[in-house]
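In structure tokens, one chain follows: the form predicted on its own.
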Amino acid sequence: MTVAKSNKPIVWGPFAAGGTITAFVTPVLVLLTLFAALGFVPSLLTYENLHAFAANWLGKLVIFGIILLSLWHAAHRLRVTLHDFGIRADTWVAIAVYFIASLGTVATLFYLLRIS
């Protein structure tokens, strides 16, 4: 008996990781933004501290990972949602959503590398 090999774990792993990251991180970011808008900014979230975090290579890696996984998760979720709404041009939809996710990934990398 031969077991067929599949590449699905390679695709579904980042998709699941992106969904998990987005589900846990996005609500926290919304809450912190709300606190900042109301004037309740903890000392940890001052501009100087956030800039120092983003200027560090480990901080850049964390920020890049969060944005990358969230973008690719959202792209795949949008592709599936459009299919559910009856748009059956899957090849064109896939090209469009993954191209946008690629642009977002490259832009993220570009802007993170500019922070010093």
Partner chain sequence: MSRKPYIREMSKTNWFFSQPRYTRYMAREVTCIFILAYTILLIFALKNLADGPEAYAGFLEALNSPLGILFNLAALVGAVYHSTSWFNVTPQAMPIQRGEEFVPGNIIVGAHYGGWALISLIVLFLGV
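Throughout, rigid core stands for the largest set of C-alpha atoms superposing within 1.5 Å between the two forms. The structure presented is a predicted model; accordingly, all values stated were derived computationally and were not measured. Numbering follows the first chain given and starts at 1.
From this point on, the text means the form predicted together with its partner chain, which you will not see here.
Novice: Within a 4.5 Å heavy atom cut-off, is A94 in contact with its partner chain in the model of the complex?
Specialist: Heavy-atom contact with its partner chain at 4.5 Å: absent for A94.
Novice: Look up in the model of the complex whether N56 has a non-hydrogen atom within 4.5 angstroms of its partner chain, and give yes or no.
Specialist: Flag for N56 set to no.
Novice: Under a 4.5 Å heavy atom criterion, is L61 part of the interface with its partner chain in the model of the complex?
Specialist: No.
Novice: Does its partner chain come within 4.5 Å of any heavy atom of F99 in the model of the complex?
Specialist: Heavy-atom contact with its partner chain at 4.5 Å: absent for F99.
Novice: What residues in 17-51 sit within 4.5 Å of its partner chain in the model of the complex, counting heavy atoms only?
Specialist: In sequence order, G19, T20, T22, A23, F24, V25, T26, P27, V28, L29, V30, L31, L32, T33, L34, F35, A36, A37, L38, G39, V41, P42, S43, L44, L45, T46, Y47, L50, H51 come within 4.5 Å of the partner.
Novice: Once you overlay the rigid core, does the Cα of F99 travel 2 Å or further between the shown form and the other one?
Specialist: Comparing forms between the shown form and the other one, the F99 CA shifts below 2 Å.
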